[in-house]
Each structure stands twice: as structure tokens, then as C-alpha cells.
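Take a look at this single chain in C-alpha cells; it is the form predicted on its own.
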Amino acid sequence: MAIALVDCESFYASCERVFRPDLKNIPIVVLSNNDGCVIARSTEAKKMGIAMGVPWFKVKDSFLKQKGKVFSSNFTFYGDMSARVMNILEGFVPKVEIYSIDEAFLDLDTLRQNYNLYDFSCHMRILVKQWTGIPVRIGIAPTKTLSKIAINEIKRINVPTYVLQLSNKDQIRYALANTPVHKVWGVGRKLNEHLNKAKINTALDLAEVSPQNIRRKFSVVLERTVRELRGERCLSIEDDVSSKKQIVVSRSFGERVSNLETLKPIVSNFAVRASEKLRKEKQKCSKVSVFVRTSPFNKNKPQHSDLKTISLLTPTNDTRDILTAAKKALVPIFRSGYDYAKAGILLSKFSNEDSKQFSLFKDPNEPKENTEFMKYIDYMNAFETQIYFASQNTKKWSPMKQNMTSPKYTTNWYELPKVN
């Protein structure tokens, strides 16, 4: 049995370097929406002691004095680069589980008879780097949890090939003994504290406890982790990821919004984006919710938060229907005199887009619900938004502070890199 975990190295920072070779070996940090906190760091930035999630204002001066480079988050660019990496991996193996934007599990069971898995993974890593510019680490082991351990070992001992295979008991025991229990996949802070009190400090300590005892004292989930650490596969590759139960699009504002006419196009933008995601999931929704809130950290200002849900008689994924519902939900929850710091839209109560559900009653506002028309719009807007809805904000103004965003090199015709 063999599963590989492919982990993109310092993914957001690596993306920024793809079209900026001058940034090689330069410390890089990427900031959250509104440039508030550090959400990604290059290896060089980590060595400088920049912590994950630290507020940017606390480290800004010292980081820039050491000639570090800072970027606002560019999720459109990062998402496209991730898709390119995952597409390459799917060409190598029959089953791939995309676990996150920068991680994927690969089923190598069918390749064991014809390939040396270590050499195969080294070849795969070279091609991903050559074709996308993104460096990856690959950990190979009998189970998902052990493949995570292998990735930790690559980082800990600086494996020069960035590929590590844990295939025999001695290799696995050595890796487990050098892995603190809090770094085991699924062990959070509180669970780590409980395990430490039980004198379980390393992954090896956890693996050597009876699974039955772990289930009795903790949970069946941790029991599965113990069995996985012992080489017993409990978690399979999920190449057919189940559909989402809800879709949320929301943002915190860099500038407070106190005017309804300013807020309307912002919420409309959220509704359009949520509708695009809904169609990508091949779903329709029957509930549209809008929420607004002020900043809970600003104690000197009056506080207000509210949410309203509109139920649709007929499920839809037509942006026009969702925009209509969003407008109906926003107006009654808005209160003048408040400085709103965040708003968002939530779509829920999904059904498959291939099914048609009719109401027993005549809907006075008959939904437009033209899925094919919406797909044409999605196609036209795939790389650059060309078609807007009338209620959207088209002035390129954003309520977020993102003053250091790199170009959308791969998804915007007008921001393609120029070669001299």
C-alpha cells in the first residue's frame, strides 16, 4: 500500500516568485484581506521569526528594513496556479484527492508493480516545477496520516530531493519518534494538552497506545489516527468530493461603509460571485441570506449586526434571481447611523441542477432561471470580467485595502507578464 501527499512549498510566496525570478532567496510575506495579518511566509521569512497570523503593523518596520518583500493576497492568481498543479498530478495517477489549495493525496497502489515509487515521485516533482514553477514536497507512506508525517520529516531534516518514502517499520518508528504529538494530523491544541497529561508526547507514544483504550478515553476519530500511525489504512482517497452544503462570500471592509447606496453594489458583487460558485458546484439553491455587521473591536461606536434569509419557491442558480433575493434581504437589515465593517451573502438548501422542482402555487415573481444563459456568461467571464449585472460595482473600487497586490498574471489579458 502506498499513498503520496504532494505539498506545495510556501505556496503563496512561491506563486509570487513564478513571474518574479528577482525574488529568489528574498524574504516574502503575503497578507490577509485588508492587509491585516501575515497569512503566508517564505522559508526566508520564517527564519527571520515572522509568525503565522501576526498583525502586519507589528513586524512591518523590521521586515522591510531587512529588505523583505510584502504582497497583498491575490487569491485569483493563487487559485489558478493551484489548478495547474493539480491538473498535472491528475495526469500521473488514476486517483487524486485535492485536500486544499496547496495539498493533494495521490493513490500509488496501482503503480507499485511497475514503478519505483521514489523515482516516480522525484520525476513527478521535477515536472511540476518545470511546468508551473511551483516547488513541491512529496511524502510517501502506507497511510494518509503517515504521509503527513513524511512531509514533516522532509522539513525537519531538509531532505535534498524533497521526496521521502516511509516504507519499512524502522523508518516509520524513527519518523514517529521525532514528531511531537501536536504535529500529528488532527491533533489540535486542546487534544495535545490532554495527551501530554497522559504522558503521550510524540507520535510514537500515540502509536503504541492500544486503539481500544484511545477510543474509550478520547474518541473514535483519534482511534483511527492511531491505527493509521500503525500502518493500518482507515482513510481512503476521496477522488469524488461531495458537494458543498452552503456557499458563503463575505469580506471585511478596509473602509467602513455607512451608506446603503454604497453597500448595495458591494453585496451585489458578492451575490454574483456566489452564483458563479453555485453553478461550478452544479447546484441550485432555495435560500439566499445576507448579513451585515459593525466591528466588534470598535467599542466607541454603536454596534449592529443582522441577517435576513429569503426563501425561493423554485430552486435556481440564475444570478438574476439571486441578486433579486439579495436586494430584498439587504434593505430591511440595514440601519443608518452605523459604520459597517463586514457584509456577506450565504446560499443554502441546495438541489442538483439537473432536477426541476415546481411549486404548487404560482410565483408572482416568476424566476428567470436560465442555466444555459448563465453558463455562457461564465464562459465569457472566465479570464476577465466582460459582462456585468446592472446592480454591480463596476468602478474598480473595493472596500478592502489591498495596496500591494501582484498582477493576475495567468487570468487577466491586461495583466499578462511582458517580456522585453
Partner chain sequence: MKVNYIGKISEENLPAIFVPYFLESVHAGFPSPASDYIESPIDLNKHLIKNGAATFLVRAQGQSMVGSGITDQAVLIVDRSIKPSHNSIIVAAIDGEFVCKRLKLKPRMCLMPDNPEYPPIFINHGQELEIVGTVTAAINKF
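Numbering follows the first chain given and starts at 1. Quantities reported herein were computed from a predicted structural model and do not represent experimental measurements.
FYI, the form predicted in complex with the partner chain isn't displayed, but the following is about it.
With the partner chain left out of view, the stretch that reaches within 4.5 Å of it through heavy atoms in the model of the complex is, among 116-124, 248-256, 83-91, 216-224, 83-91. Within 4.5 Å of some heavy atom of the partner chain in the model of the complex lies at least one heavy atom of Thr132. Among residues of the shown chain, Tyr379 is one whose heavy atoms approach the partner chain to within 4.5 Å in the model of the complex.
Shown alone here, Val18 lies within 4.5 Å of the partner chain in the model of the complex, counting heavy atoms only. Shown alone here, Leu416 lies within 4.5 Å of the partner chain in the model of the complex, counting heavy atoms only.
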